[in-house]
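Shown here is one chain on its own, the form predicted alone, set out as structure tokens.
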């Protein structure tokens, strides 16, 4: 019996705002998983706290909602324990680039074979729209009517500076393209970072479908664009238009497990090797 999107549907009613980009992102994700023939029992997803984290019970998978900014290490742990699972970390821009930024750096540099979905709506939406490091400096936000005093972080350039094995950018206004991007990210052998430029109709009204049509372009529209070229990738990030698609990939990088020599010839997964051990003899040392 073949998989359908219904196999990934949850009985729980989504509580996102009408028009929220999470609806499109989840539809794109489910479509990608079905087309890759990955069943719900073969997928582990770790979720962040926030609007994206509210999707933990909206998709029928092995899901775990972690602490704020910690969905990436949760995903890494699941992957290291059992590589039979497809592993996805779901995280918002606020958590990822504030308290979770060290986890992102470590995952990319170690090149764990996981996919990281970054929901970038440029604000902490669940707590009424505070600014994140990806919010424009002059943009009025909750508690900062004149904008925030700190400089913004160009998250795309930051990710690219880490030399990832896979970096792509999609948007919730184009769910079909986003689904193809997610498929490519999952199939990549290494840490795939996918930034999703996401509509937030409540706290980031400047980003609308109309704005996206005028300002967002696809890398496919660029003549002779080579996503294996770091130079090409860097150049389009300096462009006034925002480009979506696979921005950069480095096929020469080995994944983490391929670089761990003491596991090279081991056929079992770590989860298979966990057994109940009798520790009574150890307690004698403390008598």
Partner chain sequence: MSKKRISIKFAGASGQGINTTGLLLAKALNKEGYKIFAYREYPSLITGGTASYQLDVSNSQINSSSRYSDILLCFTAESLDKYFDNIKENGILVYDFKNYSFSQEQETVLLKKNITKIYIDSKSIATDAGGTEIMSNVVMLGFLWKILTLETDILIDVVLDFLKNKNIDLEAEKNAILAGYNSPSYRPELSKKFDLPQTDMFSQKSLIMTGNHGISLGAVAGGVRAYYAYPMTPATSIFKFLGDTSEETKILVKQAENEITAVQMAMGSMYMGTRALVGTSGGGFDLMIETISCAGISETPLVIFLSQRTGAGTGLPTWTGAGDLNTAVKGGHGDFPRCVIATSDAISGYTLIQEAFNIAETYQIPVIVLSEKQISESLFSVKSLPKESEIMRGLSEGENRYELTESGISPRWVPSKEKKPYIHNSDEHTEDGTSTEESNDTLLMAEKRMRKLSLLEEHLPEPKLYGKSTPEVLFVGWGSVKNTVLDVIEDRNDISYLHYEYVHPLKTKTLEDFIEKGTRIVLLENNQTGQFGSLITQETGYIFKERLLKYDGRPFFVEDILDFLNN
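For clarity, every value in this text was computed on a predicted model and none was experimentally measured. In this text, rigid core is short for the largest set of C-alphas that superpose within 1.5 Å between two forms. Numbering follows the first chain given and starts at 1.
We do not show the form predicted in complex with its partner chain, though everything after this point is about it.
Undergrad: Does each of 63, 74 and 281 have at least one heavy atom within 4.5 Å of its partner chain in the predicted complex?
TA: Yes, the whole trio is in contact, each within 4.5 Å by some heavy atom.
Undergrad: Tell me the stretch among 34-42, 214-222, 247-255, 227-235 that has any heavy atom within 4.5 angstroms of its partner chain in the predicted complex.
TA: Correct option: 34-42.
Undergrad: Looking at the partner-bound form in the predicted complex, is residue 167 within 4.5 Å of its partner chain by any heavy atom?
TA: Heavy-atom contact with its partner chain at 4.5 Å: absent for residue 167.
Undergrad: Taking any heavy atom pair closer than or equal to 4.5 Å as contact, tell me whether residue 184 reaches its partner chain in the predicted complex.
TA: It does not: once its partner chain is placed as it appears in the predicted complex, residue 184 has no heavy atom within 4.5 Å of it.
Undergrad: Can you tell me whether residue 203 touches its partner chain? I mean in the predicted complex, with a 4.5 angstroms heavy atom cut-off.
TA: No, residue 203 stays farther than 4.5 Å from its partner chain in the predicted complex.
Undergrad: Would you please decide whether residue 144 lies within 4.5 angstroms of its partner chain in the predicted complex, comparing each non-hydrogen atom pair?
TA: Heavy-atom contact with its partner chain at 4.5 Å: absent for residue 144.
Undergrad: Using a 4.5 Å heavy atom cut-off, which residue among 199, 78, 131, 194 comes into contact with its partner chain in the predicted complex?
TA: Filtering the options by heavy-atom distance leaves 78.
Undergrad: Among the candidate residues 207, 97, 112, 124, which is the single one with a non-hydrogen atom no more than 4.5 Å from its partner chain in the predicted complex?
TA: Of the candidates 207, 97, 112, 124, 112 is the one lying within 4.5 Å of its partner chain in the predicted complex.
Undergrad: Select from 101-121 the residues with a non-hydrogen atom within 4.5 Å of its partner chain in the predicted complex and write them out in sequence order.
TA: Contacting residues: 102, 103, 106, 112.
Undergrad: Does residue 265 shift between the shown form and the other one by 2 angstroms or more at the C-alpha, the core having been superposed?
TA: No, residue 265 moves less than 2 Å.
Undergrad: Tell me, please, whether between the shown form and the other one the C-alpha of residue 13 is shifted by 2 Å or more, with the rigid core used for superposition.
TA: Moves: no, less than 2 Å.
Undergrad: What happens to the Cα distance from residue 267 to residue 278 in the predicted complex: does it get closer or farther than here, with a change of 3 angstroms or more?
TA: Distance between the C-alphas of residue 267 and residue 278: shorter in the predicted complex, by 3 Å or more.
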